[in-house]
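Here's a solo chain for you in structure tokens, the form predicted alone.
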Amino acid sequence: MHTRTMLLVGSAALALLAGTARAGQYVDWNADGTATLKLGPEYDNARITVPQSMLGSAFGPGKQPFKGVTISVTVNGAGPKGGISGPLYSFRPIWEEISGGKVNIVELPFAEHYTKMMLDLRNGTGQYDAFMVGAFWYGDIVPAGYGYQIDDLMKSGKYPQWSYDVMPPSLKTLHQWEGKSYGVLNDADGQVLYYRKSALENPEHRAAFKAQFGYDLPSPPATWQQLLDISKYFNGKNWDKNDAEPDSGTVLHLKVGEQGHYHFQSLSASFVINPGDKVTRTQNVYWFDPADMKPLINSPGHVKALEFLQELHKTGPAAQVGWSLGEAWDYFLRGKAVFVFSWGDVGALCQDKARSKIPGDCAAAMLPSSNEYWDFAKQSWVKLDKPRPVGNTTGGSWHGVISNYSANPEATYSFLSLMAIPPVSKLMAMYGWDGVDPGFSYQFLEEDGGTARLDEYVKAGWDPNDAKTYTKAYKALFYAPTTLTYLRIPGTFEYWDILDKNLSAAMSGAKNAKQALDDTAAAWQGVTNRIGRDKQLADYRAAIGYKE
């Protein structure tokens, strides 16, 4: 992203003019009681000035509370400029300078990360001090006693200061288990719709669409069914003039073994979830029946959603069945698709003129709703007169969890917390390359009830209209009254791997939708029986907040 050479973040930014009591290579301790964190070119040499108290009482001029300590943190392997791993490299030298310690960043392939983490935890070796986990790993970590509870460290005032209070409840619950805290704030994942506003509001296309489908082209679509019509209309036309080739309706990332199953989760939620004020056997459930752990994944709602996804994927390039996340994003960023629904990275990447041809024409909205859903109580379809948007926290919401076997939990917590303080977290969410997405109050604009200002986004290189729709979409998503419940029980990784493989078979045509999901349900029963149905039922109820 192209930003100003010097991006000053925080209410005390002008303190740079006040001189320093102690200047360092990466941190200046200023005479007025502030500290300036100095970042590298990957963050456009940003300077973040904060009150020294925000860094905690253990840190200050001449203090190095963890001198001689080395900590190890695992993360999905993406390199110094990669998603989630990148910020660890960027903030490592800052922490090492103020702490006196060293950080060993252990990059692991996504397919191996969970397995190596669990091996270390089950053996109790403490080889790794912390893991940048996906929230869906909690069921394997916390009930077994492998996670280090951080409530006392948060309250101590000794370490960088941050709070769960900035989080929507839908995200806060992913960092806790039965009221106890384990996760250090970092990423916030959820999927929204990105769309080319100029295409949807083009008068010629609007007239032609109405002639073909009999209703006004909505911008953005309120229902998935409308989105499919719009995708069919635009697919195969050269509606974007960046090249001479035909363009697409919707682009998806569907490569098996990666993150394609998340598309299905987000899309199917409004076909499946029955609304209600609390979690009951039939309301606000998606994965399993909370009475007996019978899989719901092959319910009529799920099946119809998968049939819908099969139709939708025909409005994109045929190759997308094998595309990873970045390949699908780049197709959209080159102006080749009207729609992509994905994570917050896309909105930020749209502003990167080295990668994107569509800055200023990258609008965002909460995901559409199905115009009908399957009623679990009545065992029939319910037609909706008005769309009922369903929120989601789809994804990992990748963040740090400390091992209960760590020899240095305080040092580890202080390193992870350095990236959780509000000015740092805000900065990271403005960049597409680092994989840190928005979800917290200081990242939402003031006009939407947050504390961020539009000029901060503009100074960071954002088109103002893109920034407005982007932050508004995420505020609506995470505060939605109905939301997709998050699966985080023992074996979640395995359940999702089974689903992913069967979804891939459906998308490639090897299985029809019902067969793919029936096979998924049967395999899930086997996993549940192997782990222990009664244990799984208790953990599932705890995870989704179900009480008999």
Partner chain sequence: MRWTGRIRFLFLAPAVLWVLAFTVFPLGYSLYLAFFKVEQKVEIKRVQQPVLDDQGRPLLEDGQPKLRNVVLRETVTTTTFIGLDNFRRLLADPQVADAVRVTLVFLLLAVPAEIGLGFLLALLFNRRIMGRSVLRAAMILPIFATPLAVGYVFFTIFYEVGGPLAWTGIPWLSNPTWALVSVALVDIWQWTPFCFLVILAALQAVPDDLYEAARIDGASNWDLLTKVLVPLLTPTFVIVLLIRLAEALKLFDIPFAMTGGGPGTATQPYSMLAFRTGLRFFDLGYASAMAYGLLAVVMVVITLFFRRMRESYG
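Positions refer to the first chain, counted from 1. What you are looking at is a predicted structure, and each value in this text was computed from that prediction instead of being measured.
We do not show the form predicted in complex with the partner chain, though everything after this point is about it.
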Discussion item. To test your reading of this chain, name the stretch in 109-117, 381-389, 170-178, 220-228 whose heavy atoms come within 4.5 Å of the partner chain in the predicted complex.
Written reply: 109-117
Practice prompt. Given the partner chain in the predicted complex, answer whether the residues Asn202, Asn298 and Asp375 all have a heavy atom inside 4.5 Å of it.
Written response: no
Item to complete: Verify the contact flag for Lys255: yes if a non-hydrogen atom of it lies within 4.5 Å of a non-hydrogen atom of the partner chain in the predicted complex, no if not.
Response: yes
Worksheet item: Going by a heavy atom distance of 4.5 Å, is Phe493 a contact of the partner chain in the predicted complex?
Response: yes
Item to complete: Determine whether any heavy atom of Thr125 comes within 4.5 Å of a heavy atom of the partner chain in the predicted complex, and answer yes or no.
Response: yes
Fill in: is_contact(Ala208, the partner chain) in the predicted complex, heavy atom dist at most 4.5 Å
no
Practice prompt. Would you kindly say which of Glu410, Glu456, Asp448, Asp361 lies with a heavy atom within 4.5 Å of the partner chain in the predicted complex?
Written response: Glu410
Item to complete: Heavy atom within 4.5 Å of the partner chain in the predicted complex: which of Asp32, Asp44, Asp518, Asp497 fits that? Just give me the one.
Response: Asp497
Response to the item:
Applying a 4.5 angstroms cut-off on non-hydrogen atoms, the residues of 376-406 near the partner chain in the predicted complex are Ser403, Asn404, Tyr405, Ser406
